[in-house]
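Here you get one chain, nothing else, as structure tokens; it is the form predicted alone.
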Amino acid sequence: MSKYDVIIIGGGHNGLVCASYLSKKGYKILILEKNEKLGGLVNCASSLNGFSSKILGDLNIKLPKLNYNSYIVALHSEQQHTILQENNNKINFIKSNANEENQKKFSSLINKYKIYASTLSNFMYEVPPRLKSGKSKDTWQLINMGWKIRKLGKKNMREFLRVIGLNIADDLEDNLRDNTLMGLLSHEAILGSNLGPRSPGSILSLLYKQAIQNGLFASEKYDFHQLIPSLEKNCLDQGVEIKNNANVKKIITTNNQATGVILDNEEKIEAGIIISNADPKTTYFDLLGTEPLDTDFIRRAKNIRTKGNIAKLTITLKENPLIINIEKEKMNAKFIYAPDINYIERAFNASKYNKYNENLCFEFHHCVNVIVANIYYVPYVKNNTHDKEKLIQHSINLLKPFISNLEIENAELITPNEIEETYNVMGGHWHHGDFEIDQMLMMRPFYGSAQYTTPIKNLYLCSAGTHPGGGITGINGRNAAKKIIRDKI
């Protein structure tokens, strides 16, 4: 039997970040990755939005920055597209069919959301406080959270407390008259959740995303393709061992304490600390098993909402794509099609019944002649599957009106069901669980498992299912490592 200080299950970006911090403190670490490639769900992404510059600084990783302009393009069915650019958290209108009044109100709304998000951003790099723990540290952290809200001032504080439980559609319809702008902000609000624009809490989802990413649209800053190789090199340089094609079958426990893992080939590996970068449900129900868990904890774990609703489409074209009515120099963009609130809401309504609407939302990037698109509201279906060829053709048909030279050489689609199977993520949810009010901060993934710890001694979580949530930020891995280091002092 091998012996390590720490075993990390899963070589995604949070696992690699966690290993990097712990190895700096002298821990002997083994990372076990199920697949041939490291990166986990990062391999499903097409751009790098919001990775923490603080983490890059802490680990002394020089990730190449992109030195060209990038844009946000809200596609319009009549080709009257809106083009935005975000610089230093300020939105600039490059082109828009919206009148000047709506442009100003749009910018004003974003500035309002930025102020509110700032009250949350302070807590992204902290272990969330534990409710009713009786510890002074947790009490002061809760007081500090309240004080940050109070510092908004009486008017802003009242407005913040009023809107956090509301739906984004109401706030937009009260302030804007341009469907394209309302559709764009609604789209950003519902990402990572199973909400529609008219679902309560969708404003909080938008604020939370803004707080994590330090910006609303989070235009690309770093070379996406260099992230995982850079994190891997950092780990290897610090003596971390990485084993690919190593699927963990079981976490070994002795006297309610994690002591090692068993692989699919029945190899046993011991360690003093086990960290799971798998989603919480997979960790508790597949890797650990429910035997050492009490009934109430099992019930709460089962109730985590993890139904994925995004399919990834990758298309190889014969030549570089040409977007109708978009200049060549504006092609480095995230293209979004969510034309209005009701369009998004109808797509969402179909997904509630495990179907997908004829009219779906999507966003895409392109690199040379390859388009990578996320198709929204394609739901995970338990014990079933979508007609994949039909869905591919349906997705291509959605893109056709906007791309003048859509001559396809190859098209591949990965559904939420396939994401579940490939990356060990229950429900195929990219964020390992919805961003909603009862699955955030000290409630993520759920009450009783929200400080990266588990009921099993020396078993920790570091995945996107923990605080602060999904996205490619690395904060989860960093916070989990800091928690472990404090626990072991």
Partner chain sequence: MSQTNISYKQPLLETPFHEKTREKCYAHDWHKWAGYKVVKQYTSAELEYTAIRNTAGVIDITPMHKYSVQGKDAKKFINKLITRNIDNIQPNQVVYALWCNEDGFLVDDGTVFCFDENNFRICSGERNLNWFEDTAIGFDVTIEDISHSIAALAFQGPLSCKILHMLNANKIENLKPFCFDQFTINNQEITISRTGFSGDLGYELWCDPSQAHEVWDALFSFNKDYKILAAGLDALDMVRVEAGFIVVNADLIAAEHALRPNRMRTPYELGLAWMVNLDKEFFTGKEALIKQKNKGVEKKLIGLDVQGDKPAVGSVLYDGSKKEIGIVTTAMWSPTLKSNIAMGYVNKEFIKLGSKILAEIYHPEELEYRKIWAQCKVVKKQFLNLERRNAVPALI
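Numbering follows the first chain given and starts at 1. Just so you know, these numbers come straight off a predicted model, no measurement behind them.
There is another form of this protein, the form predicted together with the partner chain, and it is not shown here; the text below is about that form.
Handout entry: Three-residue site W147, K151 and N156 fully in contact with the partner chain in the predicted bound form at 4.5 Å by heavy atom
Key = Not a single listed residue reaches the partner chain in the predicted bound form, so no.
Exercise for the section: Look up in the predicted bound form whether L166 has a non-hydrogen atom within 4.5 angstroms of the partner chain, and give yes or no. Expected result: Contact check for L166: no, nothing within 4.5 Å of the partner chain in the predicted bound form.
Practice task
Give a yes or no for T295: in the predicted bound form, does one of its heavy atoms lie within 4.5 Å of a heavy atom belonging to the partner chain?
Solution key: Yes.
Practice task
Please check if W140 has a heavy atom lying within 4.5 Å of any heavy atom of the partner chain in the predicted bound form.
Solution key: Judged by the heavy-atom cut-off of 4.5 Å, W140 is well away from the partner chain in the predicted bound form.
Exercise for the section: With heavy atoms only and a cut-off of 4.5 Å, decide whether E291 touches the partner chain in the predicted bound form. Expected result: Judged by the heavy-atom cut-off of 4.5 Å, E291 is in contact with the partner chain in the predicted bound form.
Practice task
Look at the stretches 121-129, 397-405, 202-210, 295-303 and give the one with heavy atoms within 4.5 Å of the partner chain in the predicted bound form.
Solution key: Contact-bearing stretch, as computed: 295-303.
Practice task
Counting non-hydrogen atoms within 4.5 angstroms of the partner chain in the predicted bound form, say which of T316, S107, Q79, N256 makes the cut.
Solution key: Checked against the cut-off, the match is N256.
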